[in-house]
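Given next, in structure tokens, is a single chain: the form predicted alone.
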């Protein structure tokens, strides 16, 4: 899921990556909407706000919104930079953006739980940190999947899915496996995103800012799941290799005994 890169990825890799990271993105976006009345998993609305504030001449707000956009941009930049500059381990390079995202979200949860006074400045900074986290996640998923997986961009996903459904009105497109796989991936991401949002809303109403720790734990699960899966597969390969070596030794021993008898 995290280890494979670009063309070496399978549909299963992208389904796992898309569903799990979309779930966490939905959790973050709904939580930020409930607490801060702002979307943080995408920046489409922030571009509109930027244009509005420029038109009004509210230059302090223009700077703040531009700062939000930059943080999302910077998060995506950092994620891709780590991916393309990995020289030793793809897994470590691909997991690092998620580690940084965990730090960002845990920081928001900790501050909100113990220090948040609901001032405008605090809210704007916390929104910025969440945008940085979502930039990291979106940059990672898009980079390692060759832009096949974008778990925070529901506008583009809905458009692509609508186009595919339209294409499936013709038999020749319904029989195209590549198009069916893409529709399956997009549908999975959409359902996961909504599911994550619902779960986050329920957790927030029960636990408040601790919901950010739950999202962080979920991201830890994503990292550890891929690591444990890799270790398990490596162990299986080692056992199979030892089994093959053992069978070869047994055959050689039998051949040697047969020669002695002769």
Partner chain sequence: MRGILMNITLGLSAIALFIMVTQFGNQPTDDIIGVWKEVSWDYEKVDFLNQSDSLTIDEVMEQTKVQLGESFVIHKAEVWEFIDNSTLKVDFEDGNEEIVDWKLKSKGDILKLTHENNVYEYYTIKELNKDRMVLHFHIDLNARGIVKLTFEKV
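In this text, all values refer to a predicted model and were calculated from it rather than measured experimentally. Residue numbers count along the first chain shown, from 1.
Another form, the form predicted together with its partner chain, is not on view; read the next lines as being about it.
The partner is absent here; in the predicted complex, the one residue of 38, 214, 199, 223 having a heavy atom within 4.5 Å of its partner chain is 38. Scanning 155, 117, 169, 178 against its partner chain in the predicted complex with a 4.5 Å heavy atom cut-off leaves one residue, 117. At a distance threshold of 4.5 angstroms between non-hydrogen atoms, residue 207 is out of contact with its partner chain in the predicted complex. The closest heavy atom approach of residue 70 to its partner chain in the predicted complex falls within 4.5 Å. Proximity of residue 145 to its partner chain in the predicted complex falls outside the 4.5 Å heavy atom cutoff. In the predicted complex, at least one heavy atom of residue 65 sits within 4.5 Å of its partner chain.
Residue heavy atoms within 4.5 Å of its partner chain in the predicted complex occur in exactly one stretch of 155 to 163, 95 to 103, 178 to 186, 125 to 133, and that stretch is 125 to 133.
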